[in-house]
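One chain follows as structure tokens, the form predicted on its own.
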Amino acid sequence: MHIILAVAGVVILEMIRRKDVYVLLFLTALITLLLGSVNLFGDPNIARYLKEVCLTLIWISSVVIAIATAARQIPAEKESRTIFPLLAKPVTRAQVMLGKFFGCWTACVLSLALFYAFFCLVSGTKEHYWPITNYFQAFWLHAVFCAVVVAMTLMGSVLLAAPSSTITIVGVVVLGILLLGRHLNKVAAKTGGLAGDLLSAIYFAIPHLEWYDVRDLIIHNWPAINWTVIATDTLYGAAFAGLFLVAAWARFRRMALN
């Protein structure tokens, strides 16, 4: 386990040294402050619209960080040829894959913690309402979402030729699931026939990432989600993340590194 943690620590240090994360954090913080400082037409409900915009920015930033960070891990090690001394420690390829996953996921969680802490501070100051339980549930489900995306991206990084291809394809898949995943079963029921069966099979096969988007919980100040649902969604996300990691390890184990 200490080998996995050491590899993860290197990924986190690399994340800290890169500038793109700080740019996303700065832009999100700046837009949040600007939106939080205005009072459009004296409407007391305008805070809901501002929270929706800010949370959308946080979601976009998290997807960019998760995919961009995970997509370059294995290809960068191969390109710089640091994978050879790493595997000569000896370190198994499974340990490398798990270390890369935990490093990327931890970096995403740290970024999310900064995003949500800042957003909670600005939103609470404006509304004078602090639903800490709601914020924590939204943060945790968002973190589970990032775990699935990171594992999916690592699998894509060992299947596809270049990081740019991985970023593009995984980004399209994640965006498609978020926008269309919840509607596939309804479309399948209306379509019927072979096409309907195919859509239904896709609906049950894909990871339903849209389940982790609970922005309305914060925007509309709804009651907290039942913790049994949170636990079920966590296990569901962990199962898909594990499935993607096993597939990534199986491909990485047979990959020629020279």
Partner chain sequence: MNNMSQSSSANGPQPILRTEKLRVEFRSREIGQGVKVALQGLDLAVYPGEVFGFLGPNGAGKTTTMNVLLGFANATGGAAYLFGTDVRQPIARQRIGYLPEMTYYYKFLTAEELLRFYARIFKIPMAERERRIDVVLKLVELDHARKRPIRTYSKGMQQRAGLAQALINNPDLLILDEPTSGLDPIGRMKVREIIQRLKNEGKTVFFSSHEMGEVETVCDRVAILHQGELKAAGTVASLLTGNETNLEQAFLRIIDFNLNSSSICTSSSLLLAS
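On a predicted model such as this, the values are computed, not experimentally measured, just so you know. Residue numbers count along the first chain shown, from 1.
What follows is about the form predicted in complex with the partner chain, which we do not show.
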**Candidate site Gly176, His183 and Leu245: all three near the partner chain in the predicted bound form by heavy atom within 4.5 Å** = no
**Message:** Quick check for you: of 148 to 156, 106 to 114, 92 to 100, 124 to 132, which stretch puts a non-hydrogen atom within 4.5 Å of the partner chain in the predicted bound form?
**Reply:** 92 to 100
**Item:** is_contact(Phe84, the partner chain) in the predicted bound form, heavy atom dist at most 4.5 Å
**Value:** yes
**Heavy atom of Val10 within 4.5 Å of the partner chain in the predicted bound form** = yes
**Interface membership of Ser164, the partner chain in the predicted bound form, 4.5 Å heavy atom rule** = no
